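In the block that follows, a single chain appears as structure tokens, in the form predicted alone.
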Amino acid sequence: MEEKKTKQIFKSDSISLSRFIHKCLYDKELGFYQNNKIGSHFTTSPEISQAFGECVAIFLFKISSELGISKFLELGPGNGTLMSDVIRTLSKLSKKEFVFSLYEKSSFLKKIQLKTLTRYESKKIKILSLQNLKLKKQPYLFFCNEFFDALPINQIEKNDNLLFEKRVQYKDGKFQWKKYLIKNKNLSFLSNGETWEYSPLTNLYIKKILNHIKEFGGGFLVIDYGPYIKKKISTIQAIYKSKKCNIFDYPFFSDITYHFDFLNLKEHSEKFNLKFHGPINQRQFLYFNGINERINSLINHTQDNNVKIKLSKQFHRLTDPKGMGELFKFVFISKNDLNLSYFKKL
């Protein structure tokens, strides 16, 4: 089946990197996200501990209370774990009626989300699965965790003052790079030896969401992987069974990811005249939204030493400055000028 699909994809000599990634991750038959539950090859923060989602929920609750917003929308909710923690926590913090929307491309993951979240539906909790981002003309609080770093990208390299697009070809029974000379294009911000990664699909999503916030209010919490300022190098990698590998090693069977460009997001927010808060690292965000207190509460409510040790390990893994505590960043974008002093500016 993989060989047949490969031949269907490569009807021409080569394809763009973004098309290759799209097919590997989102193909309706063989795509990675059509056949893999989140956590089977890599672990995200919501899957590590409920405390992560509860901290996100506390932040969203503060913002929703200040702005009077009752609609929440998660992009790429995966197994529904983060949304589950958000719904459960907000239900305890408020008696208001809330609408929670999920935007997911994978039919496989949609079924998992349905099983995870159906139990929360009630008179005051409404859960919607969206087919597209045609939204009501009302303010939403958008949020996403590791959504953008899974969207297809392209790469352009500069060598000897010439620009080359990195494309993918299938030759002699294997995938390999093919560089295509680009003419009549000047990327003055690139120096020789540098690589520019860009995602047209990411920019489309960003523009649509930011335009909605500009028109109707609300905000956007983005949680993703990468440095504060993205370097002009190739950051693309694949993960197969929790180990990093080349993107050509296990096509359709590995997750493909790369560093998110926070500066690009900031530039887009400025074009829409929106307030950009951050980025801050995961450790800082979780500390300011009560992870210490929550983990201590969970530890104090159990007599099982093994559970206590497990909770402590979860806390360390989420906040370790040499690991996830620094690798992942948080950004919040809003129309209103909010008092978020702990979000340092880029």
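Note that residue numbering begins at 1 and tracks the sequence as displayed. The structure displayed is predicted, hence computed values, not measured ones.
Although it is not shown, the form predicted in complex with a small molecule is what the next lines describe.
So, in the predicted bound form, is Val99 in contact with the small molecule at a 4.5 angstroms heavy atom limit? It does not: once the small molecule is placed as it appears in the predicted bound form, Val99 has no heavy atom within 4.5 Å of it.
State yes or no: in the predicted bound form, is some non-hydrogen atom of Gly78 no more than 4.5 angstroms from a non-hydrogen atom of the small molecule? Gly78: yes, in contact with the small molecule in the predicted bound form.
How about Thr235 - does it come within 4.5 Å of the small molecule in the predicted bound form, if we only consider non-hydrogen atoms? Output for Thr235 is no: heavy atoms all beyond 4.5 Å of the small molecule.
Exercise: Ile156 in contact with the small molecule in the predicted bound form, heavy atom 4.5 Å: Ile156: no, not in contact with the small molecule in the predicted bound form.
For the three residues Lys105, Ala150 and Tyr205, which mark the spot I'm curious about, does each lie within 4.5 Å of the small molecule in the predicted bound form through at least one heavy atom? Each of the three qualifies.
Given that the small molecule is left out here, which of Leu274, Leu265, Leu90, Leu109 has a heavy atom within 4.5 Å of it in the predicted bound form? Selected residue: Leu109.
Given the stretches 180-188, 163-171, 141-149, 243-251, which is the single one in contact with the small molecule in the predicted bound form, using a heavy atom cutoff of 4.5 Å? Residues of 141-149 come within 4.5 Å of the partner.
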